[in-house]
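Only one chain is included here, represented as structure tokens and corresponding to the form predicted on its own.
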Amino acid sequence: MEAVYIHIPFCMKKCNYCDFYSLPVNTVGVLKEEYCAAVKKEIEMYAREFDKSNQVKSIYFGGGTPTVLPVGELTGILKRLYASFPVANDAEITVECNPGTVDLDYFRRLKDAGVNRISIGAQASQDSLLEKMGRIHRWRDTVRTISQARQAGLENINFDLIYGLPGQTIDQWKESLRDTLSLEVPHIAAYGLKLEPDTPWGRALELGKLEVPDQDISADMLEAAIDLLLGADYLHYEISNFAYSGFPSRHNIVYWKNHDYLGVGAAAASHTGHIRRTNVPSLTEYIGALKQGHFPVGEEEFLDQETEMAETIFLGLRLLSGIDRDEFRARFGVNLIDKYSVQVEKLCWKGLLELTPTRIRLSRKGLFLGNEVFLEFLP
């Protein structure tokens, strides 16, 4: 098992586009402390189930907003992980945070506990867009947050940015990118907005009360991000992710290579062996199951080889380097090109895939039509 994800389902305020399982922290009362205790117990229970010969190389606290917890609660969970699993000395340990929920002392205490990477939900540099999104912060808060992180000695910083927002122009998007570039963060994740039905914006879109940029404009926004960031010496290593040399997200690469990871917390997902599990998306059910000594699993699925191969392909093709054909054969005992000859020939003919002697990867054109490529490999 290479990576552990810990879900902290609390935030200051639910954003208009968010479909992750989370609750406003001021509504949960003492359940917040009970939840942290339950997470520690789940870690201990899984520690008894797993082979300890492999070191954990990445730990990621996501949410919600993990930093709405008191710092002692967050570092207490990390200490329990260290006590329960063999963690590599150079492990990447990431905490997501939102501007306005952290200060210099908080960052210093995270660093003292072993955290070495921060992911900041910046999203945009225009306060008007941040307000529409339901964010609690403004751009000046983002600038202050990165300054405090660096004062605390945390230099490995990711910025999340979103394009395709309602009312967002391509000029505003370029401005957000340029404002971010001025801060010289080593990693930038530039995500296209995807609205799910069970969100305020998703419901408004279905009712015709919300307009978002069309697909062509969103594609132009991604192209603008690629051009601007490559021109600023970032490596474009995944469809939506850019990094200085040496700073790609090690945790997310575990996902994109479809390797094993453990998910801890309400609604967290795991992929271990040939099993995919998803925990119950309910705070009370999650806590209740662990109080009774049960794993809080809501869904469980056995992944046969056909499914594993297909998922390895469409996840791996998100990486600009694509898929190593020899690694695929070593893992599955199958020649990727022979197995998927029809799909590969069709997608190469369309100019969406490229073959090299050792790899298969998206073409530049394929970057903008990734979903069309990925659907071809679904079992």
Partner chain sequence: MARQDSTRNFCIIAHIDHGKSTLADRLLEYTGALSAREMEQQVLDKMDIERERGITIKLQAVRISYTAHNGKTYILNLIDTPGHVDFNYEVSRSLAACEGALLVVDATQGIEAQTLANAYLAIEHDLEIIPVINKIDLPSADPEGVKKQIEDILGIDADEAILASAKTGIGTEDILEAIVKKIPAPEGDPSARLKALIFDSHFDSYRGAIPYIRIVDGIMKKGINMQMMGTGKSFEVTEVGIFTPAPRSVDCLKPGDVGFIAASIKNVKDTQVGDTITDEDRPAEKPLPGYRKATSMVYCGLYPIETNDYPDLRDALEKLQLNDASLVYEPETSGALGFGFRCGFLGLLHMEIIKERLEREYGLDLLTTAPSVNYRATKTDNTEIYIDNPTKLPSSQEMIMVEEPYVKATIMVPSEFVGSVMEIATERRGSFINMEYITESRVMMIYDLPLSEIIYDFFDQLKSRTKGYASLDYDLSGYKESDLVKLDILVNNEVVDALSCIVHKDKAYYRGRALVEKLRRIIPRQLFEVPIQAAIGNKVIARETVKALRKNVLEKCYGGDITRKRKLLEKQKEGKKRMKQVGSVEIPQEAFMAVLKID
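This is a predicted model, so every value here is computed, not measured. Positions refer to the first chain, counted from 1.
We do not show the form predicted in complex with the partner chain, though everything after this point is about it.
Participant: Please state whether all three residues 191, 216 and 375 have a non-hydrogen atom within 4.5 angstroms of the partner chain in the predicted bound form.
Facilitator: Per the other structure, all of 191, 216 and 375 touch the partner chain.
Participant: Out of the stretches listed (21 to 29, 7 to 15, 353 to 361, 367 to 375), which one is close to the partner chain in the predicted bound form, meaning heavy atoms within 4.5 Å?
Facilitator: So the stretch in question is 367 to 375.
Participant: Using 4.5 Å between non-hydrogen atoms, is residue 73 touching the partner chain in the predicted bound form?
Facilitator: Contact with the partner chain, no.
Participant: Taking 4.5 angstroms as the cut-off for heavy atoms, does residue 269 touch the partner chain in the predicted bound form?
Facilitator: Heavy-atom contact with the partner chain at 4.5 Å: present for residue 269.
Participant: Might residue 222 be said to contact the partner chain in the predicted bound form, defining contact as any heavy atom within 4.5 Å?
Facilitator: Because a heavy atom of residue 222 falls inside 4.5 Å of the partner chain in the predicted bound form, the answer is yes.
Participant: So in the predicted bound form, does residue 150 come within 4.5 Å of the partner chain, heavy atom to heavy atom?
Facilitator: Taking the distances in the predicted bound form, the answer for residue 150 is no, it never comes within 4.5 Å of the partner chain.
Participant: Of these, 244, 85, 139, 256, which has a heavy atom no more than 4.5 Å from the partner chain in the predicted bound form?
Facilitator: Only one option qualifies, and that one is 256.
Participant: Just to be sure I understand the contacts: of 156, 168, 180, 252, which is the one whose heavy atoms reach within 4.5 angstroms of the partner chain in the predicted bound form?
Facilitator: Checking each option against the partner chain in the predicted bound form, the one that comes within 4.5 Å is 252.
Participant: Using a 4.5 Å cut-off on heavy atoms, which residues of 148 to 163 contact the partner chain in the predicted bound form?
Facilitator: Stretch hits: a single one, 163.
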